[in-house]
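In the block that follows, a single chain appears as structure tokens, in the form predicted on its own.
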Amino acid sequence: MMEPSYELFDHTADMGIRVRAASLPELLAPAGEGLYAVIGNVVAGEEAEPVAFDLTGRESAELLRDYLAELLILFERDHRVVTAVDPSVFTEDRLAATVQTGRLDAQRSALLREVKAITYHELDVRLIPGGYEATLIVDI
């Protein structure tokens, strides 16, 4: 069985995130971890607060992009970091999940880059042997 994972790769003036997992719902946690890794060493404090997402769309790749865009908004606007993901649905046309968030611990975090957006460039979710692979490009 494939373990959820992510890897970062350089992409012109942007940065890419490649995520692999055994199922679509299992892509969510490493995708978020990859986003935070692009930003730097992001550390959440102890304070927990749940946030629910229920996104609809036309394809799983766009839903994953929209999910990461929501995480970026939580980070930038509310200074909140996802610490756990509980996906309830992730299909071609719907992504529903509840995440636990903690307030960004600015003292322990090392923020290296500003992520401006999650782009549609080279956006892809595809079936691979043992699971799924997603490719996302972030504008830094």
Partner chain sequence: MPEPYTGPLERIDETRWRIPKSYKEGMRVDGIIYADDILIEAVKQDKSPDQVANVAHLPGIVKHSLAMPDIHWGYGFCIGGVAATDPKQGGVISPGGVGYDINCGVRLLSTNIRLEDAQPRMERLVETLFKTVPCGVGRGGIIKFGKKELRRLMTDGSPYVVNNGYGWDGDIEATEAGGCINDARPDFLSNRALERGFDQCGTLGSGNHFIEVQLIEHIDNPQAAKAMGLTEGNISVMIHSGSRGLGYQVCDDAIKELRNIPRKYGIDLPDKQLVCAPVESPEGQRYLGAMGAAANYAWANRQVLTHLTRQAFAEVFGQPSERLGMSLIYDVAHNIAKMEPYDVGGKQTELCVHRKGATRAFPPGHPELPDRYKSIGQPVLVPGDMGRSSYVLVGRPGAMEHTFGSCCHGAGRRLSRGAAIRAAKGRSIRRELLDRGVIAKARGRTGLDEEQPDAYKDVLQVVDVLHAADISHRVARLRPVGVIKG
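This one's a predicted model, so the numbers in the text were calculated from it and none came from an experiment. Positions refer to the first chain, counted from 1.
In what follows, reference is made to the form predicted together with its partner chain, a form of this protein that is not presented.
This chain is displayed without its partner chain, yet in the model of the complex the stretch 75 to 83 from 23 to 31, 44 to 52, 88 to 96, 75 to 83 comes within 4.5 Å of it by heavy atoms. Remark: Ile118 counts among the residues lining its partner chain in the model of the complex, judged by a heavy atom distance of 4.5 Å or less. The closest heavy atom approach of Asp66 to its partner chain in the model of the complex falls within 4.5 Å.
Shown alone here, Glu3 lies farther than 4.5 Å from its partner chain in the model of the complex, counting heavy atoms only. Its partner chain is not shown here, and in the model of the complex it never comes within 4.5 Å of any heavy atom of Ala134.
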